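A lone chain, given as structure tokens: the form predicted alone.
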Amino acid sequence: MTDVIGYAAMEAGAELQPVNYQFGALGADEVHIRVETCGICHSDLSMLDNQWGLSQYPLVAGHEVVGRIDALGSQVSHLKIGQRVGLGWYAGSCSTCRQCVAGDHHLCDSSEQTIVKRAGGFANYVRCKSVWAIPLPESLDPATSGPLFCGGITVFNPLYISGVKATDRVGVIGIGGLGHLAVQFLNKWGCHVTAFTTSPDKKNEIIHLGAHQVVETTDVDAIKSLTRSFDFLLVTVNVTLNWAQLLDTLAPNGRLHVVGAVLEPMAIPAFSLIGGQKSLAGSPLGSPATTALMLDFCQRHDIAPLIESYPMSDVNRALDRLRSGKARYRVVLTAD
């Protein structure tokens, strides 16, 4: 048995408070991770507030973990004690279904989410199946790398699976925790990058991150001028947009790809898809293998999240900062 100290919400929307709990015996294919840092994602807010109807309380959130392996299950041979790893949204998969055998562990019907029916990384320890403990390259800063394991792979995976090319013209809608990483990835990918934002005061920062053009999301005329421009359009926000207008900005064979958890049904005009042979898609995070590729890409191109850091014990103030919408661009908790 392992004694754990975490920070939990006792009900939807409640402030987090310190809690003590125990993990049982370590599974043969599990690893025990001592948490060093843990990013805060909007998905944590959604779970803490039970916006998706999945939450069980007390709830210990946190799924952007960087830490060192403290114990290994008896069947784990590819990792070692003391090795630094990252853990994201997924903490387990069956490894035997068709999706897992094909390498798509993130599409496993039996997947386990790090903060659904289990305790996450707002704590001193967390556990997961070993396949989801992804080694962190030595050159990547553990203080800033946590958000790569959720926000980073969420926007990297669509580029990888969609075959985005260096010659493509790409738009990113929403330059926050997800979007600011997408801009960096796409710039290094070689694409021409247009950033859509509701915050014009971010323009200089967004250009510094790698955007070639910045457009205000509410500027109807500017968006209309981009008709038939984009080969790929990535939606990182979780709010309803003018989908018909955005589809018009796609070039023939263009793709509108959604990674923001928009709760309302999307009104998509069929003729906007049919006429230009366009497509609409979405994706969750990515597989362990794709996550490792993303980390290598970050290492090669010096890509990192821009963060604001708080001590773990100050988790409620950190959550308030994220809720305010003013964070630039990810909030990370550091063990104290």
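All values derive from a computational prediction rather than experimental measurement. A residue's number is simply how far along the shown sequence it sits, counting from 1.
The next section is about a form of this same protein that is not shown, the form predicted together with a further copy of the same chain.
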| query | finding |
| --- | --- |
| Partner-facing stretch of 189 to 197, 128 to 136, 93 to 101, 68 to 76, counted where any non-hydrogen atom is within 4.5 angstroms of a further copy of the same chain in the predicted complex | 93 to 101 |
| Residue (of 281, 45, 28, 306) lying close to a further copy of the same chain in the predicted complex, criterion heavy atoms within 4.5 Å | 281 |
| Listed residue that, although a further copy of the same chain is not shown, lies within 4.5 Å of it in the predicted complex (heavy atoms), from 116, 107, 214, 223 | 107 |
| Heavy atom of residue 82 within 4.5 Å of a further copy of the same chain in the predicted complex | no |
| a further copy of the same chain contact in the predicted complex: residue 144, any heavy atom under 4.5 Å | no |
| Any non-hydrogen atom of residue 258 within 4.5 angstroms of a further copy of the same chain in the predicted complex | yes |
| Non-hydrogen atom contact residue 202 with a further copy of the same chain in the predicted complex at 4.5 angstroms | no |
| Contact set, 21 to 53 vs a further copy of the same chain in the predicted complex - heavy atom within 4.5 angstroms | 52 |
